[in-house]
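Form predicted on its own, single chain, as structure tokens, below.
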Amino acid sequence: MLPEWVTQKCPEISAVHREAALARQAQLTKPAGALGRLEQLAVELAGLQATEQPRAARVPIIVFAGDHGIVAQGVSAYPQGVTIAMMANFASGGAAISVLARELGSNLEVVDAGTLAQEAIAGVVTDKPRQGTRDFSVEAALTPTELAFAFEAGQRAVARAAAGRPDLLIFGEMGIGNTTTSAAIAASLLGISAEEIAGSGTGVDAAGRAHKAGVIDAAIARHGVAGALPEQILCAVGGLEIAAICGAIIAAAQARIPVLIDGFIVSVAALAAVRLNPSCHSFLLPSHQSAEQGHRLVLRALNVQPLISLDLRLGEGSGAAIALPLVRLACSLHNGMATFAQANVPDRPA
């Protein structure tokens, strides 16, 4: 169903570089462990990047956009036309992620992985098998061929970014209705009810959230995908931008490029990626815990701890972008601090 490359093993963490980073941290002019998670982050990056000097300078951001047929069931507070309008806003520099990318010095690429747009948008890469998914409350969202195309669109985006020798990658998403799709994927993968994981998304009220959960539970039952294989779940209730991110995560890990994971939707794509290819897990660096109800459950399933929690629920890759300066500081501290010997500072007694 999916291309063979999807399950090919990702590189191992470099134990030599990880141990060297641990040894360096022990010699820096600070009490052991005084920089907490920043120390762990630098050590982790050293092993992932197979280097003595972990880096987070070159970090492209790729936003994948897609539309969702499930919007016909009244699950979103916003009309579907917002997806296309926001793609143009990303490309013209007016969106939150556009501002963040400029401030961070990050290249921003926008990929139409499956929106309803019938014509190309200036500044947007079009790479989609169809215009939007089908309404998964009445039929499968995607065919196996469409799903495979979306995975390869993600791989192609990573290949474009890899030409610039990135230190990390950030993936974002845009698509009205995609919190419903993500909740359906997560509920199916985790074998839980939609009530446990479906949040307010773009701002639906309590009644709207209950309706969303009901639509999801009915669809999961209709397709019989609770606890099914990830590719079966993605075909039944998936989204094109989510599938593209899933493929991009695996492709990045296979190229030894760590991924700073964004919020709920990208984390769901990451969970599907790990279920398909467990060896990509090491390359996932969680950025934040969002305000979306199910994000905590997905992070727990991934067994990762986010760097920050700011009650964000914007998407677009914005949470990962906001966390990036912490990653950069972790690298700078690791690489730039003096050791006790270099600074002629007495170390603690042996």
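Worth saying up front: this structure is predicted, and the values here are computed from it rather than measured. From 1 onward, residues are counted along the sequence shown.
Just so it is clear, the following notes concern the form predicted together with a further copy of the same chain, a form of the same protein that is not shown.
Student: How about L329: is it within 4.5 Å of a further copy of the same chain in the model of the complex, going by heavy atoms?
Tutor: Contact with a further copy of the same chain, yes.
Student: Consider G94 of the chain shown here, and say whether it contacts a further copy of the same chain in the model of the complex, taking contact as heavy atoms within 4.5 Å.
Tutor: G94 belongs to the contact set for a further copy of the same chain.
Student: Does A20 reach a further copy of the same chain in the model of the complex, with heavy atoms at most 4.5 Å apart?
Tutor: Looking in the model of the complex, residue contacts with a further copy of the same chain do not include A20, since no heavy atom lies within 4.5 Å.
Student: May I ask you to state whether R313 is within 4.5 Å of a further copy of the same chain in the model of the complex, using heavy atom distances?
Tutor: So R313 counts as contacting a further copy of the same chain.
Student: Is it true that R37, P325 and A338 each have at least one non-hydrogen atom within 4.5 Å of a further copy of the same chain in the model of the complex?
Tutor: All three within 4.5 Å in the model of the complex.
Student: Can you say which of 177 to 185, 228 to 236, 215 to 223, 198 to 206 gets within 4.5 Å of a further copy of the same chain in the model of the complex, counting heavy atoms only?
Tutor: Looking at the other structure, the answer is 198 to 206.
Student: Taking only heavy atoms into account, state which residues of 1 to 37 are within 4.5 Å of a further copy of the same chain in the model of the complex, ordered by sequence.
Tutor: T29, K30, P31, A32, G33, A34, L35, G36, R37, in sequence order.
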